[in-house]
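Next up: the same protein chain in two forms, each one alone, written as structure tokens (structure 1, then structure 2).
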Structure 1
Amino acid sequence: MNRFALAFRLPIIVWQILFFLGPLIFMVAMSFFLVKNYRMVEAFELKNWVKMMTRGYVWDSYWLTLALATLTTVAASLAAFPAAFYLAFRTSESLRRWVIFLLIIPFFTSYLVRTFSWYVILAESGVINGILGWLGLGPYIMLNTMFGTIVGYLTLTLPLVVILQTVSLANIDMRLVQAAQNLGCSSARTLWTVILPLSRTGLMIAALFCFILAFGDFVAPYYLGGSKPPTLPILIIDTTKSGQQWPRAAVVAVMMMVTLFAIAFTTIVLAYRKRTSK
């Protein structure tokens, strides 16, 4: 290998090992460290793990986070599908591009500001209750509830899910869809037996991204959900910022990583599995 090739290959390897792999490996190691007199001591003890694994509140947070992220993934996938279906099959390519461009915009607006905006919109005397009150309804309490959290999660994930679903639907060979219809297949059956199986991979990857984003987000459950009980990311923040207990936060982070890895692995295997012929 010559110097030229090395000059292009090496920088990223060095950089990512130093500042990406290094931190992650160190974090796993840190979960075995001890804290003595408010100072972290390098050690190899299972103390943090035992402590965190035997605490009921950690598991409460774990199952809550898992349930919320799953619910959000289902909600986002269902809400996005008709929109993606329309964009992929019922509109011109230029309109599709424009809508996708519109949907990219939210990624570059501060998620914090959008969440704060929801906070004011959903509040008991906020915009939505203002409109409902005018119609003689409400007021409904939406903040500090699971509903609030999920609105926040959807703000983060819905644009991405619509984009990914649209791309995977638009890549379907339209001749197959037309063939089904020519052979007398109803719209519902075409959807179920042709379109969904053909776009399965893309739809599942979209759902996976949605799950990862919701699972790791601390802003929505904190500001819109009232963080009672806290989700895992909030637990990490509370443990590092107020408790100075970095090793225990690392335990939670490793739990999250292992969970995400297992879910991502399963999803990817299922998404790319060849369909068995019947």
Structure 2
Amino acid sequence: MNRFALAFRLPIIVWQILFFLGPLIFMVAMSFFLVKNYRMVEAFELKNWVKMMTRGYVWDSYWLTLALATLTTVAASLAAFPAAFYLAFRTSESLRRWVIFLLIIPFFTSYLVRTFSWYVILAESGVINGILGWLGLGPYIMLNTMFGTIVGYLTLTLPLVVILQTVSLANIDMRLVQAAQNLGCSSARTLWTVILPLSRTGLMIAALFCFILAFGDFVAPYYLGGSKPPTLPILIIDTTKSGQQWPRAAVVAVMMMVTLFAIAFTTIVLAYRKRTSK
């Protein structure tokens, strides 16, 4: 290996070892510890894994978190695509840059602050119920529900998904789109046979980022969803508060990491897989 190239790669390698691989190994090791008299003891036993894996509430939280993250990913991807399509094909490059800049601005504000702002909008006496009441509808309970959780997840993920989809669609060679139209393809067929396959990688990566953020988010299900039933991040907090059971919380964290690794690896393989010619 070229020493010059290795010197450039060394900082990121050291960074990953110190701040990702090292803590991950420690978390896996901690899941085998035991808590005695509110203190962790290096025992390297499977009691924590047996305890957590045989509890129905753990698996209920797991499937709930997986379902909510999947639903958020589908909703964000579908909601973002029309906006991304318009920005990529119907606007000038200058306007597109400004819109992307405006989409980045929400990330300058604390996600917790943005989440709390939904209290005013979703409350029984909030903005939405006020409008519905003017129409003779409602009021509807939207806070402390799964709907509130999804709204919080979309607040976190939707701007990022729009940005990633826009970048992916904007990089499509327009000559291929024009060629399909010149050959008689309708707009729907051009979208299905040309645009979607060419942007597949970017769309799937955007969906992957959305899933990762939603799967690991604690703020939305806690403050907008009421934390009941708990998602896995909330379960981790509850477990650490129960007798300082950090090893059992580590078991849940490892479950989350394994799930994310499996989904991320599968998505990346599918995203970059070359299409086989028929």
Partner chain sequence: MSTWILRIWLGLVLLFVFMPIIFSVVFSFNSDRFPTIPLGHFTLHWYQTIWADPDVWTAARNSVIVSLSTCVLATMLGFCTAYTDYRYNFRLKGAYLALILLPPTIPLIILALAMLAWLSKIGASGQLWSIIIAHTVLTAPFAMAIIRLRLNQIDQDLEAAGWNLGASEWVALRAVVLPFCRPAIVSALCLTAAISFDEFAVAWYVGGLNKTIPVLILEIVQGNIDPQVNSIGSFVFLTSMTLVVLAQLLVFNRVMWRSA
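It should be emphasised that the depicted structure is a prediction, and the values quoted were computed from it without experimental measurement. One-based numbering along structure 1's sequence throughout. If you superpose the two forms and keep the largest set of C-alpha atoms that fall within 1.5 Å, you have the rigid core.
The form predicted alone appears here as structure 2; structure 1 is the other form of the chain. Positional change of residue 259 between structure 1 and structure 2 stays under 2 Å at the C-alpha, relative to the superposed core. With the core held fixed between structure 1 and structure 2, residue 269 has its Cα displaced by under 2 Å. Taking the rigid core as reference, the CA displacement of residue 8 between structure 1 and structure 2 comes to 7.1 Å. Core-based alignment between structure 1 and structure 2 gives a C-alpha movement of 3.4 Å at residue 17.
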